[in-house]
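Shown below, as structure tokens, is a lone chain in the form predicted alone; questions about how it binds or moves come after it.
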């Protein structure tokens, strides 16, 4: 190993310590920190995040990367370090353009914005959040002008979360979905709805937490490398492949919500826990492509978790943990978890109408960054879009524009990743059945860990070293297409609702 590479490794170890502390403070802020402790925690998180950012844009790091990028040095590196040096150099050249003062201001504003969003959501008071949202939009535009001066702002944001994606590509793919799904949903909504009366009532929150543990065990989450917490909005946070944490939110009257949040976040966590551990502490580790990441969480949540056969081996155990489910047959449960209805909350939506929730957010983000729609106009725009796509209007902003935390953290351009993930899932499903056989049979026989192992080997272990396009090419042998997920939706819901073909 060359001295230059050793120097880079030592530098990364030091930088990772700052990132580790910043992540730990974020976890604490979102899970257990008391309200009065917010200011001190936010100050500390801002300090450590800014220190890590400074190390990531320092002259010392720039020199190391430049030296290792020289052809004669670069060719001596193994594949892992070639990837690390190349990607770090790209990120360095981009991030170096951000003034330290601007980055520090962003981190502080981000913490305050997320704090204000939580208060605004709990009180359904958009006015509490509006000034923070305005600042996050302005700071995002300002930072993007430095990082991607030659790109249109929103396309730069989309590419940040899913490399190689732009709005023209997404418009085309989402257009295909809309063309096929709008009439399918209309046909379903005209059919007889399942009776959901047995799912109303009070379901013990502690018992729901035990159900979460059972589900995470079942799909392959490692407790030796993972932990769980409780938050307003579920998320996954990883420190390394050996320390991946997820959160959930339990509603006393909606037990299915926490079940599928557990499966969804568990999918994210299983991805991170199974990245090649040699990538830990480098840019090759935690997957940076959000559509690829969401494809894993949504594959577990929907393609597996909403399949009746997923529950066959564990449904009796569910009834033991939540006794009300002893009075609910598996068929009734299956109909309810695939109950298609126009609903207000994205995270509670069925997998079909969920697509419209993402399209709504995507179109609003384009309106913010391309049409100059003001923060004050957004609640009304949100409600118009809900009426356009779902034929419903939120009664208040908590079930409308305040329901998601993403914009409070400046994650503009993230939402399309969820739907891209579902599109990738249709492709994965077809390939798994070619490689392993009928997914229904595998699940019914309780062999779900065979699917987890397939995903580990085909996708997870590569971390960030493959782009979404490269992953789809390697795993499925084709370019991204919505056709498989459209076929999946049509075949599944024609059977669930007894529709005419």
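Positions refer to the first chain, counted from 1. On a predicted model such as this, the values are computed, not experimentally measured, just so you know.
Below, we turn to the form predicted together with another copy of the chain, even though it does not appear here.
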Just one of 458, 469, 447, 41 has a heavy atom within 4.5 Å of another copy of the chain in the model of the complex. Which one? 41
Heavy atom within 4.5 Å of another copy of the chain in the model of the complex: which of 227, 190, 145, 127 fits that? Just give me the one. 227
The stretch from 472-480, 433-441, 63-71, 45-53 that lies within 4.5 Å of another copy of the chain in the model of the complex, judged by heavy atoms, is 45-53
Against another copy of the chain in the model of the complex, would residue 242 count as a contact residue? Criterion: heavy atoms within 4.5 Å. yes
Is residue 179 part of the interface with another copy of the chain in the model of the complex - any heavy atom within 4.5 Å? no
Taking 4.5 angstroms as the cut-off for heavy atoms, does residue 251 touch another copy of the chain in the model of the complex? no
Is there any non-hydrogen atom of residue 9 lying within 4.5 Å of another copy of the chain in the model of the complex? no
For a quick check, can you give me the residues of 1-38 that have a heavy atom within 4.5 Å of another copy of the chain in the model of the complex? 14, 16, 17, 18, 20, 21, 24, 25, 27, 28, 32, 33, 34, 35, 36, 37
